[in-house]
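Take a look at this one chain, the form predicted alone, written out in structure tokens.
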């Protein structure tokens, strides 16, 4: 075939597209298990961060297995779903739930809320995933509470595309470091949440400073926390009532 002809050029381009496209698909398929493993380890790393346990991606699985002892999945009413319906390992089932996807893709009454029961230095902690919307796209995080199911032990947050230097500051030590010691409930046991307020507002045990210049992201975190933590609060209250009745 004449290499200077239009037909040759078109056939050559077509063959190259098929070859390169097939190669890219094969590479993507080969790398997918590694990508999935990295996504899972990143989630485990963030859960551990809410417990104030620092680890890198490589060490996340071992640390996670060391500290995460159990998982419970709640329905939108704050009721524990029967583990027998989860199809095997409850911890794996809990890890498979994406708090952001639950928020974006499901009706409120259909959402599931995983709860991780953890141990650190012989003390029990509960880690709660949360998901919502920032200024530009999804935001998510993990909040841990102590065995009293009220005192916050730590929090970690992340985002898809918040503005660097503004809304993206929710991932910084400055913002996350305000959470330990805050309370979910008031003195009478009623749920209050952790409210994200305007920077400079006098602080209480239920508030943290928002991000200067990141008003919409701060409001997104505030909404996300109140909405998600209220569901976990119902479960915690039922647990406390159960313990009280037993005693």
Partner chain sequence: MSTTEVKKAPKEGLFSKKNRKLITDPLNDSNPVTVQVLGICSALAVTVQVKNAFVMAASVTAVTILGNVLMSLMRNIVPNRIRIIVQLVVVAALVIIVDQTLKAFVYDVSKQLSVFVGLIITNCIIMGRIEAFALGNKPWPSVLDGLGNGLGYGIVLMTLGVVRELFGSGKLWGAQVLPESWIYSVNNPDGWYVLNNFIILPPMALMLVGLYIWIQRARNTKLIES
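None of these values were measured; they are calculated from a predicted model. Whichever C-alpha set is largest while still superposing within 1.5 Å between the two forms counts as the rigid core. Residue numbers count along the first chain shown, from 1.
From this point on, the text means the form predicted together with its partner chain, which you will not see here.
- Taking 102, 176, 158, 146 one by one, only a single residue has any non-hydrogen atom within 4.5 Å of its partner chain in the model of the complex, and it is 158.
- For the chain shown alone, residue 20 is a contact residue for its partner chain in the model of the complex, at least one non-hydrogen atom being within 4.5 angstroms.
- At a distance threshold of 4.5 angstroms between non-hydrogen atoms, residue 240 is out of contact with its partner chain in the model of the complex.
- None of the heavy atoms of residue 230 is located within 4.5 Å of its partner chain in the model of the complex.
- Residue 165 belongs to the set of residues with a heavy atom inside 4.5 Å of its partner chain in the model of the complex.
- In short, of 188-196, 59-67, 217-225, 22-30 it is 22-30 that has heavy atoms within 4.5 Å of its partner chain in the model of the complex.
- Annotation for 15-41: interface residues with its partner chain in the model of the complex are 16, 20, 24, 27, 31, 34, 35, 38, 39 [heavy atom within 4.5 Å].
- After superposition on the rigid core, the Cα of residue 230 moves by less than 2 Å between the shown form and the other one.
- Residue displacement note: residue 27 has its CA displaced by at least 2 Å between the shown form and the other one (rigid core superposed).
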